[in-house]
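Taking the form predicted on its own, here's one chain by itself in structure tokens.
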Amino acid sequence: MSLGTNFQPLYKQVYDALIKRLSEGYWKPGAALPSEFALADELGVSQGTVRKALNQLVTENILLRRQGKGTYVSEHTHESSMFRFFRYREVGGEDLIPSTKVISVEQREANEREARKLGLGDLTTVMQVTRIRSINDKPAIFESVLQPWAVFPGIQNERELPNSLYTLYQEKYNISVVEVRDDLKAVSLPAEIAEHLNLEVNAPALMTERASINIDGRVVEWSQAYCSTDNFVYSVSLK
């Protein structure tokens, strides 16, 4: 692997080269990376340059460091995915892990807006997973998840979809979600959704639209989630 000549800082070129390898599955989740010395020798740069690129990848939770052992590719365990990406909490409560019931899985054509949100350009085939997420045995969230068929072929054949779909994406499809972008809006619940959440039609709710982004920058999932605001809040911690 060699670096090209361009106007980017050298550490950014190393970063991009490592991202390319990771997105192509050269190093699998949980695998150890070569030492800084070995990477620097291979790329023809200093250890300091490699270390700066690795530090950025660790900050972005793409890699993790284990004291005295080395640098590893981050894994999406069920627990880590929930605590990192699940943003709903009880009012004043601590982190919670929801239980999930899948209502339906269907293959269909994306409409123009959905295709645009998924960055597909033209209309294309998607899988739609509809599910209810409960907290403390209370229906809390009605969620519709869209996945491009070309990215996740055969996902409808999974006997049981896991609570954290990101775990399945990484284990089976070499897709590692490293970032999510959420848009939130206050809405009134339509009848078909209110029924699943045991709420009145037109009850106030929080609607979240989420784009889930792979390590290579692609949007690989787009979802809509409706949550009751009586018992739960959307919680974000910024540092």
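Please read all numbers here as calculations on a predicted model, not as lab measurements. We number the residues from 1 along the sequence you see.
Quick note: we don't show the form predicted together with a further copy of the same chain, though the next part is all about it.
- Within 4.5 Å of a further copy of the same chain in the predicted bound form, a heavy atom is found for none of A32, S144 and S164.
- A single residue from the set E195, E171, D41, E179 has any heavy atom within 4.5 angstroms of a further copy of the same chain in the predicted bound form; that residue is E179.
- Using a 4.5 Å cutoff between non-hydrogen atoms, G70 does not count as a contact of a further copy of the same chain in the predicted bound form.
- Taking the partner from the other structure, a further copy of the same chain in the predicted bound form has a heavy atom within 4.5 Å of a heavy atom of T229.
- Shown alone here, E200 lies farther than 4.5 Å from a further copy of the same chain in the predicted bound form, counting heavy atoms only.
- Residue contact check for Q8: none of its heavy atoms lie within 4.5 Å of a further copy of the same chain in the predicted bound form.
- Heavy atoms within 4.5 Å of a further copy of the same chain in the predicted bound form are found in one stretch of 24-32, 41-49, 185-193, 62-70, which is 185-193.
- Looking at 191-215, the residues that come within 4.5 Å of a further copy of the same chain in the predicted bound form, counting any heavy atom, are P204, A205, L206, R210.
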